[in-house]
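A single chain, nothing else alongside it, follows as structure tokens in the form predicted on its own.
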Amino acid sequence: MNMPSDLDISRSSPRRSLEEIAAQLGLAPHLLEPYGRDVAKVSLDALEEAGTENRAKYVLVSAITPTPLGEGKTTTTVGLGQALRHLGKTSAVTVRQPSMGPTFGIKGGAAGGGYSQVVPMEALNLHLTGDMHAVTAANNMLAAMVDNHLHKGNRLGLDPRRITWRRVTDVNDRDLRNIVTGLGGNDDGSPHQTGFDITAASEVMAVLALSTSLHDMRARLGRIVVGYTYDGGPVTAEQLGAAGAMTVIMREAIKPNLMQTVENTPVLVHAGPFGNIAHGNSSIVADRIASRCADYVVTEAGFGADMGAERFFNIKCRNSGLSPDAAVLVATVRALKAHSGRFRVVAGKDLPEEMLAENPDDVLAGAANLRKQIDNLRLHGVSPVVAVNAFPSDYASEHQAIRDIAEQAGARVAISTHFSDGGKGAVELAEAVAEAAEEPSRFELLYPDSADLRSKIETIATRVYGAEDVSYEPAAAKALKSYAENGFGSLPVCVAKTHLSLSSNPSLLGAPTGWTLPVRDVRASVGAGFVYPICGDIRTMPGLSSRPAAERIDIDDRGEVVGLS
């Protein structure tokens, strides 16, 4: 089947005015702050004008453990949102804003795809309303104030060897991972080692996503810990006098961005926290507005159910007070074949020819991962619906194999062709989700606030990942002791590990057992409100590939973007 490119579909799709899109949700025109013709900020006054009742069915879209190519969660999220309207329901989609690092790297953009995408894709993937830049500026201003504090006498006694705050930029640039600042003369600062992360990995981004109001964001920014004194005490952005100015920089960024799908379904795009190092979910503010305005809110969490979904439940829902009514688990033939261990999938390269051959036995050989991820949703009392994201290269026998696995596990399942058919291709999925969402809610958090940090880590490792044990390197054990002493022990945990395996080893596919989760370090995002153990080699600043997407992106003779994917 030959389809137009995503960019061509985006440009040719008929769009409605933003006032019409907002009207679907009952949002009055005065609540919109237009940024051109295709995007508008939504005033936080919408939180009050929409009332206090969360009337929507709240649906999470997650996935089995993905291949490096991704399995189409955003596309499924958009397709489901469109399909619910085919059932006569009002729906709103809430998603993260893409980072330009992956857009110009290997992965490409994150607008969805085919006939289930957010439009216009150029706006979504490139700058949008400047929220990414606001996060970058607020983060880097705090870094500048940390360095200035050292240069101007260091009255707080900040230990230069224990500064944890780094700078950020929204591009992939491995050369900035480790740098030395302050070189030059006496007026050029105090030399010390530091580095850059990608903007999506900034704690400021996580704060944006988890804030419930402008004043809550101000308080969270003030609680950010930038480093520690010689005596081991935390130094915060509030103590440095930086939190107020950071809030001013972020004052517009806290407003969600209204867009639409190719079928004119409302979309709130807001925040973009890193999926490995942070919680990988869009904002609480967007979800709260949508939940008061629509019959269904469909939101997406990064990576597999062991990653984004677990954090959605135990970090985002813990902060928002919203409870999910159902969860979609995206599965693909290629991912289950990959989990058989018989094939090697590499980002930026074509799938192996033998992997494209019809073979339902290869699908069945990867079933353990699907079963475990279904269990991970049920751990939280949420009804799972398996969405088979159908690819043109799949075979009906392979789809049936996935259906058999899901039904044997007691989950609802639907074959979905939303990529090629839009909302009508996901009607079966929408019907299954609507049925699941009507079941009595049994949602529960995995652990209480009162549990100590080690218990929280071990609960996630053993119950969600399937680990047998957890080991702590000396640096991790020391950090956990320090956090408890400094009053951070009640925070939830956000385990930073590979997204390519249920374990911390990306080469272990399926649902490995009998392994130990190695915690090599633990860091605290106190302003955002979580502690993150680092397990394995996690990069907070990606690098570019040998043939990055940036090489293909340009403008044509009419000044239009070409090569964006």
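Being a predicted model, the structure only gives us computed values, none of them experimental. Think of the rigid core as the biggest set of C-alphas that the two forms share within 1.5 Å after superposition. Don't overthink the numbering: it's just position in the shown sequence, from 1.
We do not show the form predicted in complex with a further copy of the same chain, though everything after this point is about it.
Within this chain, His215 lines the site of a further copy of the same chain in the predicted complex, having a heavy atom no more than 4.5 Å away. Not displayed here, a further copy of the same chain is kept clear of Arg85 by more than 4.5 Å at the level of heavy atoms in the predicted complex. Under a 4.5 angstroms non-hydrogen atom cutoff, a further copy of the same chain in the predicted complex lacks Trp515 among its neighbouring residues.
Using a 4.5 angstroms threshold between heavy atoms, Ala23 stays clear of a further copy of the same chain in the predicted complex. Considering a further copy of the same chain in the predicted complex, the lone stretch of 312-320, 432-440, 330-338, 177-185 in range is 177-185 [heavy atom distance within 4.5 Å]. Proximity to a further copy of the same chain in the predicted complex, defined as a heavy atom within 4.5 Å, holds among Met141, Leu364, Ala451, Ala475 only for Met141. The partner is absent here; in the predicted complex, the one residue of Ala524, Leu32, Ala56, Ile538 having a heavy atom within 4.5 Å of a further copy of the same chain is Leu32. Taken together, the three residues Gly36, Ser190 and Thr247 all lie with some non-hydrogen atom within 4.5 angstroms of a further copy of the same chain in the predicted complex. If you take 161-177 and check each residue for a heavy atom within 4.5 Å of a further copy of the same chain in the predicted complex, you get Arg167, Thr169, Val171, Asn172, Asp173, Arg174, Asp175, Leu176, Arg177, in sequence order.
Positional change of Ser546 between this form and the one not shown reaches 2 Å or more at the C-alpha, relative to the superposed core.
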